[in-house]
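Only one chain is included here, represented as structure tokens and corresponding to the form predicted on its own.
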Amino acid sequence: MTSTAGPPTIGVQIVVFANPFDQLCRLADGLETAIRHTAAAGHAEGFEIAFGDSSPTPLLSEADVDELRRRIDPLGVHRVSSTFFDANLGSGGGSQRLLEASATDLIWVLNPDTVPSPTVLSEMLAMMAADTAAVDARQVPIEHPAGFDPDTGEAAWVCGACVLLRRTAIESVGGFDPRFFPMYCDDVDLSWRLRLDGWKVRHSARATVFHDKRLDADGRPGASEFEHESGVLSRLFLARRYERPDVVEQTLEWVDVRGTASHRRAAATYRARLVDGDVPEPMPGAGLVANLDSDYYGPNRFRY
């Protein structure tokens, strides 16, 4: 990233929910290496690392935070903090809460079940051109199938598991939307609103992050019943916001005929909120950036 004002400041945000402490320690070790590599190269001048806790009760004790601080910042030059939300805000809601509490130039959002590679941040920074609002990383061992331009990295949307965001761009479109996308598709919605506002979002194939996911017996990434429910509800909200009433109807019809119990719960929630007027308003011109005809909300390189 080139700037006449010098290297950017970076806020690292991790939203947790009852995660095992050893998982967070593994993340912290990878984060320390990535931050050290980036700072040594002069690509950033200051870091703030914030954990946001959506667990039912506080996940991290003072001693736990001290241990994570020691792992992430052994020299004591960065700010490491933890905030207990006292509510399950989800990934999008938690990310928005942490974003509003910071003032860094860039925001690096990480899932708690990831481990950054030493060069992942430097590579994402290298893709952060002046017209770019967000850059995500390649995930291993299970790659995300979303497509991107191999020359420019331009993508339909970027994945929130490991993404670098430009604050001015994010704030210009209102940030994450926790009302309708507290968990799933928060990254899709944010990406589409950024693109509608004229920004580019890009994928950096050279930036690598370990994301602790596994394939199920059918060769697909495993998903819980909650994920299935949230995924359908998010799809309905996306279709409503991005001017695709046909997709809303098709999705509801599919759920009614073939859906599981979790899918039907999502449909029931959508219908109840529609009656209450608690659904997204269609955005004029939003169909120009949205792709609801693909399982992956845009071009994909392969299918699981």
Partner chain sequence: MPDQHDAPTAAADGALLDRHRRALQRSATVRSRHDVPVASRPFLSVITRTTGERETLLDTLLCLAAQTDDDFEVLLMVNARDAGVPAEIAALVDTFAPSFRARVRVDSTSIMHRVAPLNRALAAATGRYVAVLDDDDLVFADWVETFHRHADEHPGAMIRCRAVDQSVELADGTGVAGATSGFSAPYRPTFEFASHLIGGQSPPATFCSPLDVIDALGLRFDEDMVVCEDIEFFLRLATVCGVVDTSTFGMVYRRWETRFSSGHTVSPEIWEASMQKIVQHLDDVPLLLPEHSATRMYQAAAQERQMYELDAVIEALRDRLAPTEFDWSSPADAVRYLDQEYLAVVADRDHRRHVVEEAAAHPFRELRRWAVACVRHLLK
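Between two forms, the rigid core is the largest collection of C-alphas that superpose within 1.5 Å. If you're wondering where the values come from, they're calculated on a predicted model, not measured in any experiment. Residue numbers count along the first chain shown, from 1.
This protein has a second form, the form predicted together with its partner chain, left out of what is shown; the following refers to that one.
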item	value
Proximity of Thr208 to its partner chain in the model of the complex, heavy atoms at 4.5 Å	yes
Ala101, heavy atom within 4.5 angstroms of its partner chain in the model of the complex	no
Proximity of Ala156 to its partner chain in the model of the complex, heavy atoms at 4.5 Å	no
Touches its partner chain in the model of the complex: Val115 (any heavy atom, 4.5 Å)	yes
In the model of the complex, the one of Glu48, Glu243, Asp64, Asp29 near its partner chain [non-hydrogen atom within 4.5 angstroms]	Asp29
Candidate from Gly76, Gly174, Gly198, Pro141 lying within 4.5 Å of its partner chain in the model of the complex - any heavy atom	Pro141
Every residue of Gly90, Arg179 and Asn300 near its partner chain in the model of the complex, heavy atom within 4.5 Å	no
Stretch in contact, per heavy atom within 4.5 angstroms of its partner chain in the model of the complex, of 103-111, 79-87, 188-196, 219-227	219-227
Rigid core superposed: Asp218 CA moves 2 Å or more between the shown form and the other one	yes
